[in-house]
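Here's a solo chain for you in structure tokens, the form predicted alone.
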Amino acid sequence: MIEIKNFTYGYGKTGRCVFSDFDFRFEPGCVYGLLGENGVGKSTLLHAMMGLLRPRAGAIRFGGTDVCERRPSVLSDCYIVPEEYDLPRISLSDYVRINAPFYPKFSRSDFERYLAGFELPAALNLKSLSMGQKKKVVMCFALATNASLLLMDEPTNGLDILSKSLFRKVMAQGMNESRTIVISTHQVRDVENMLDRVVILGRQGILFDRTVDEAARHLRFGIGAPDAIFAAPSLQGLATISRGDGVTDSAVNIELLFCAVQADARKINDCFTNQR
């Protein structure tokens, strides 16, 4: 669906290079968790995938078209929910009337269904909403566009505990086999049950890229395992990761996985190639 080839990007002509000859491919029908420490380029990558940032070298193509060309056929089938944004001081009905025509697959019935999922009425004035409520509205609109590519940057920031639960339910309604969803977040626990694949970025490129199912078979998550290859304190005791057998499933703790990859990515990746 979207292919990144030899992507090189830095801020300014002589600024730090965030990506260098970066290659990746996002496939349809998959929900990606894009994880990484601050400053590794997660938001930069999302904006570049929308054609909002021009690379120093390489290209990003959506359906074979360079996203930097900003063609209507591409823009109408992609949507990004940025971490920070503002909404115009108009009614929600006017907002939909103005913006929906840019997205041929927009569904008003889907939009109203997602609003109901967030327990929001259809009759809203955007200027009177809190930041959390605005984020819910934007996410509802994004899902209702039925765009093939949906990018979300820290979607649960600003949401309270109940709203985060509703977010997971609404997102589940919006997933389908023809859509690619990329969620960049530090709030891993808010999204871990909806992810199909985990991609962890480092300053030198991709540190980890596996499906959640692969992680469940090749890694064993537990408490106090004596054969642990990684351990970290938790409220339940010492949370551990051990080698899996490649067959038996284990409940994946993505937050623990992220910490383990940051500590020693090679040791974790070896579990997927070197079985006992």
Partner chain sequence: MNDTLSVSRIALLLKKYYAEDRVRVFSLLAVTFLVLAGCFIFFRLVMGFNVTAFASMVYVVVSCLFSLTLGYVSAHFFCTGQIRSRRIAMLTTPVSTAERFLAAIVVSLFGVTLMFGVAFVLADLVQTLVTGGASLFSDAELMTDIYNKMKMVFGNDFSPLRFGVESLTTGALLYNAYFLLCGLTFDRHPFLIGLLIFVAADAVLGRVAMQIVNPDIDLATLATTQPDRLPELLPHYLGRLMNVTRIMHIVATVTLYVLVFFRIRRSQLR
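Remember, it's a predicted structure, so these values are computed and weren't measured experimentally. Positions refer to the first chain, counted from 1.
One more form of this protein, predicted together with the partner chain, exists but is not displayed; see below.
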- Since exactly one of N193, S93, Q204, S73 fits, which has a heavy atom within 4.5 Å of the partner chain in the predicted complex? S73
- Among L53, A216, A228, C30, which has at least one heavy atom within 4.5 Å of the partner chain in the predicted complex? L53
- Query: Is there a heavy atom of I98 lying 4.5 Å or less from a heavy atom of the partner chain in the predicted complex?
  - Reply: yes
- Task: Spell out, yes or no, whether the shortest heavy atom distance between P104 and the partner chain in the predicted complex is within 4.5 Å.
- Result: yes
- Query: Looking in the predicted complex, any heavy atom of Y9 within 4.5 Å of the partner chain?
  - Reply: yes
- Item | Exercise: S43 in contact with the partner chain in the predicted complex, heavy atom 4.5 Å | yes
- Task: Mind telling me which stretch in 157-165, 172-180, 108-116, 79-87 gets its heavy atoms within 4.5 Å of the partner chain in the predicted complex?
- Result: 79-87
- Near the partner chain in the predicted complex, with a heavy atom at 4.5 Å or closer, the residues from 241-263 are none
